[in-house]
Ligand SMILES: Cc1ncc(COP(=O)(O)O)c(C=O)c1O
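The chain that follows stands alone, in the form predicted on its own, written as structure tokens.
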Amino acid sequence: MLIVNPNATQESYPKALQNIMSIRKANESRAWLADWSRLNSGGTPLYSLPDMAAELGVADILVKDESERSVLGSFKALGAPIALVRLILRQFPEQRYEARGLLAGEYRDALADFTVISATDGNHGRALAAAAQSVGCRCVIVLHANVSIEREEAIATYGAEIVRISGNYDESVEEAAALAVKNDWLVVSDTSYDGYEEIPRDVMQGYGTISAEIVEVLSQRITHVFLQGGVGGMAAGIASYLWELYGAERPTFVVVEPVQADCLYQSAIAGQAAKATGSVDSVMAGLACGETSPLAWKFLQPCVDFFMTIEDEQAVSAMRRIAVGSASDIPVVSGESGVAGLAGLIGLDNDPQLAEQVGLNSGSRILVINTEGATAPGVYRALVGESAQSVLARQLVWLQGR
């Protein structure tokens, strides 16, 4: 399903939003992360898929591959560490900690009793656990019933204490908040709620690194950006950077989410941050979120032109499609949530009327973000019919042949 956002504008980036998130702050976050040992050196690759573009009738499809960001396997490695660092700097101003020194573990003895907690579908918790381990503080992660054992083990690898609940994501958020109050811990969440905006803002600000890297290597302007939904944080972080940079000439933004976790789609209908209408359960685990982040919505409402929903089967099909590659298209490992933007694009191509409504044509240059690789290798293999290692081996052969 596709909906036009009646509140989207083509105006310059508002000063009120710039005071919350800005290119300047994004660049500061990027500088702090530059030497963090958990990140790979340099930016992630931006691949062109000319054969797929020709098949879909557009000028180019560009894929920013965040699966290669770090050993953590997803874009979340940019948000959680920045939020943790900024939180510690605010909590202990008298200590005059240095941001890069925090991530290097230079103050771990002083922070050994400091505890953070978060609810997660996997990737945010893994990134927060890794950041806490680097800093030297304690980390507790609350997981809901649908988070796979593989993802739980990946988080626990970084020293986090795991708390399991039987409910869904939104109930895990409530449990994390209750445990924080009970134990005097601090919540580091990537979604906002009433009275809780500073940390989600910092998480979103970290995602500006993705946009910064993209614009540094672009030879031509992009016309469309397809972004994953979830609670809206990643979409807001990337879109706000591009909106501030290009102003009224910004690209068309399309946000894609699972049909059963359609909180952003419903927000567009309601004109305010709203809840999903479905079961929330989805194979796209990282996007299985029931409530829109009100802070993210402040950015998405005025700049996202279209909101759309996709079925789980569309995501799985897109995972297989991008993994295959071609003579001109590099094979890419994209996880269930990582492929959502591409799945949305392919879905529009299958409906010419909707494609025309979004403005897709032979001149369109489209950006999608592969937000994760095979963060649950067993799930990936079951869905794609091939292991991530096999796809990466074919990717290496492709690169060597260029």
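One-based numbering along the sequence shown. Since this is a predicted model, take the numbers as computed values, not measurements.
Missing here is the form predicted in complex with the named molecule; even so, the following discussion is about that form.
Distance criterion of 4.5 Å from any heavy atom to the named molecule in the predicted complex singles out Val231 from the list Val231, Ala315, Ala130, Ala119. With the partner omitted here, the stretch from 135-143, 282-290, 319-327, 97-105 that lies within 4.5 Å of the named molecule by heavy atoms in the predicted complex is 282-290. With a 4.5 Å cutoff on heavy atoms, Tyr241 does not count as touching the named molecule in the predicted complex; it lies far away. For Asn123, a non-hydrogen atom is located within 4.5 Å of the named molecule in the predicted complex, even though that partner is not displayed. Shown alone here, Phe75 lies within 4.5 Å of the named molecule in the predicted complex, counting heavy atoms only. Within 4.5 angstroms of the named molecule in the predicted complex, the stretch 360-385 places a non-hydrogen atom from each of Thr371, Glu372, taken in sequence order.
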